[in-house]
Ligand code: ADP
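As a starting point, one isolated chain is supplied in structure tokens, in the form predicted alone.
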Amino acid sequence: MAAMTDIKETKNKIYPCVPTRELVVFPNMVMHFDVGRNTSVKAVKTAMNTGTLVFLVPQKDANVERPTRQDLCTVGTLARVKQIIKTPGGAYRCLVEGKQKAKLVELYSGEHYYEALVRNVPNYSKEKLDDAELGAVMRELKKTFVEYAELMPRMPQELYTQIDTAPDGISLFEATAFNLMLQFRDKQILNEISTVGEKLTMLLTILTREVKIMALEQKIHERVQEAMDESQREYYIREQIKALQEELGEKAPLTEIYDKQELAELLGKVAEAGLSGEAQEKLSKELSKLKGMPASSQEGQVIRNYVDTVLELPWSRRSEDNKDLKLAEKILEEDHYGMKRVKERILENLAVMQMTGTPKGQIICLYGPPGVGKTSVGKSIARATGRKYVRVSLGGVKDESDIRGHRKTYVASMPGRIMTAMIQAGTNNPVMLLDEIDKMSNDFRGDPASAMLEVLDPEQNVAFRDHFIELAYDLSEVLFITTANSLDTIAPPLLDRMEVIELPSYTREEKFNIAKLHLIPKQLEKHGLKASQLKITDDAVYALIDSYTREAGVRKLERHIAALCRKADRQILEDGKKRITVKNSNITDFLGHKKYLDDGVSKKDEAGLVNGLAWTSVGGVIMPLEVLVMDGKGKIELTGSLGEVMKESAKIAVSLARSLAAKYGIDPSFYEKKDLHIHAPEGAVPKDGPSAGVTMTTALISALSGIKVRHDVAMTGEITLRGKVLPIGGLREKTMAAYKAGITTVIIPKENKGDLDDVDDTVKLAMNFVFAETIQDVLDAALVTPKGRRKSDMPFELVKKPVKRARKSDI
């Protein structure tokens, strides 16, 4: 314990001390209070366990966590702890009885709790007032208490009786001070005062002040309530006047906001907007409501906002369609390279629109991987048709109200995205691109795909109703175009209403031409360069395509071209160069090391190694397939992240190899004596699909027989147990991959012969095609005979067409 004065020479005594926060305990007062601080909890527990009193003294500032002597009041109360209960919140609730008023002499900070050296003082000192004066103070205090009780609701009747019948000053003081909700500082002042007369006088002063404050509060409350009642009264009277005028057929006088001239202008706009009969009648009714609206009416603002929104819609405004098909074709060719099917379909649409005068029933869905130009095709269609273009992004839309809008009665309501887009377009026949329609989803707020059914259904969109507009609007003149990266997530009823046109990934030659004709000129202009200042050679463009990008579209290709332009800008400004040429030999100086290597195609004939062809989301690739034969017990090992379909193709290939074993000198019992390991390199890349069937069969027969496979042959096709070659997909991309890898012969299913129309002319001129009907056709073309290579039995008859390449320039 801290040092203290000599206690033996005084009559003072040390007690456990609890500094209280805004709490005053009077002598003879029994009350509950909560104790939270650890030091205070230990102090009251010690007092209760030892049977001693505890000194309760208020803090001057309740926010002080560890008070000192200067932070405490001088006068407190010694109290007996009767009960301690732990509450569910972790605090302790104490029941105490005030015994003796005491004065704080010294405060000590003990090991576990505060202790106080105190000196007892009388609870009530000798009275200074005579009996008459004391009686007058008591009578005035009782009278003031009655006024206080009238202003304080729910005052207990028992307290009335106790104060009114108090026999002496002490009883009156304790009945009043112990039970009234007085401020903390007022209670402390009352506790510090010594005589009963002074206590009653101070209590009378406090009660008189409280009565005045409460009376003022009540007057303010009544004034506010009266103002509110007057406003409501005025509103009710106005409504009654309005109802009476409607009954009498009289028109209500215009308010100061909506004067005659303003309403006349609005009615004129309604007449000139070319609205339907339903819309004119609706807006006329809404405007008539404004006449009786008060100046501060919120409903009037809602009506005005609604009328303005409806008038902004293009009810009769339209743009003239371009009827020149030749001009439309020229515009499409200028904006995009390739996309033959898409351009043909658009021109067919334009022809139908000219014949019928409406695009009704023509909903196009452009489907393909990211970066192939789906969104930009929408802009080109608008330019080719001469219509306004507006784009609606549907990615992440979950709420049906995003499509249909909100009821105008809701706060901050607005039209849906379709009506908002029509307002932006300004015509009733725009080209509306619904972008990322496959990214819509649903939740508890509804299914937006269901709302899109009405928008895209030609039988329903002639009278589309937005929740905010509440009027039938004709969307049949709109040319809707949707885009999607995947068809799997589109609701089947919605997909059924659209004609899907696939935009496949660009081939190597298409990327080259797009770069030369579009991307490089665009980036040169964007970076302030002239064609004479930066030249990107053809081999450098091919290097960008093959070694720095691997994508379906051309976004990364454009970013790399932009990087070359930025570096050229810096060299021109810093080094003073006048002409920069980027070649395949120096491209690493600009962009760093090459990120993608060429497909691993063997340069010599080998047994058990076959070049397969595969299609991925970023285009076609060469997929070499290896087979290793080892002595064993017929175990088959499949590696390379092969999917279930490819594993089934491997089993079919083994069975087919057994059926052809005798023809190629293979031990018929190899499946019992040999272990087979089939592997597709790049094991981290998942692979699946049936088109590797002929590749696996050829590799197995080659490995088991020891006959080598031509290294300049690649193949694709599904195989059956009877050796029939079935058609596959992605032929355009697969043949481009073979051409890029230097393959001279490609074996494809015979039923895919018609798909060669989609293959680039450059590829068709550079390669021979073998159309295989059975596995025997594949083996005859791929395996090396002892006398040399066998010529392909069914070479493709080359189409002699000029190869469409970009015009060479100084770009």
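The structure displayed is predicted, hence computed values, not measured ones. Residue numbers run from 1 along the displayed sequence.
Only in words, not in the display: the form predicted in complex with adenosine-5'-diphosphate (ADP), which the text now covers.
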| Out of Asp335, Glu106, Glu174, Glu606, which one falls within 4.5 Å of adenosine-5'-diphosphate (ADP) in the predicted bound form, going by heavy atoms? | Asp335
| note | In this chain shown alone, the residue from Arg383, His406, Arg465, His518 with a heavy atom within 4.5 Å of adenosine-5'-diphosphate (ADP) in the predicted bound form is His518
| task | Give a yes or no for Gly169: in the predicted bound form, does one of its heavy atoms lie within 4.5 Å of a heavy atom belonging to adenosine-5'-diphosphate (ADP)? | result | no
| request: Indicate whether adenosine-5'-diphosphate (ADP) has at least one heavy atom within 4.5 Å of a heavy atom of Leu700 in the predicted bound form. | output: no
| message | Using a 4.5 angstroms cut-off on non-hydrogen atoms, would Gln460 count as touching adenosine-5'-diphosphate (ADP) in the predicted bound form? | response | no
| message | So, Gly371 and adenosine-5'-diphosphate (ADP): in the predicted bound form, are they within 4.5 Å at any heavy atom pair? | response | yes
| field | Met339, Tyr506 and Val554 all contacting adenosine-5'-diphosphate (ADP) in the predicted bound form, non-hydrogen atom within 4.5 Å | value | yes
| request: Name the stretch, out of 179 to 187, 734 to 742, 374 to 382, 304 to 312, where some heavy atom lies within 4.5 Å of adenosine-5'-diphosphate (ADP) in the predicted bound form. | output: 374 to 382
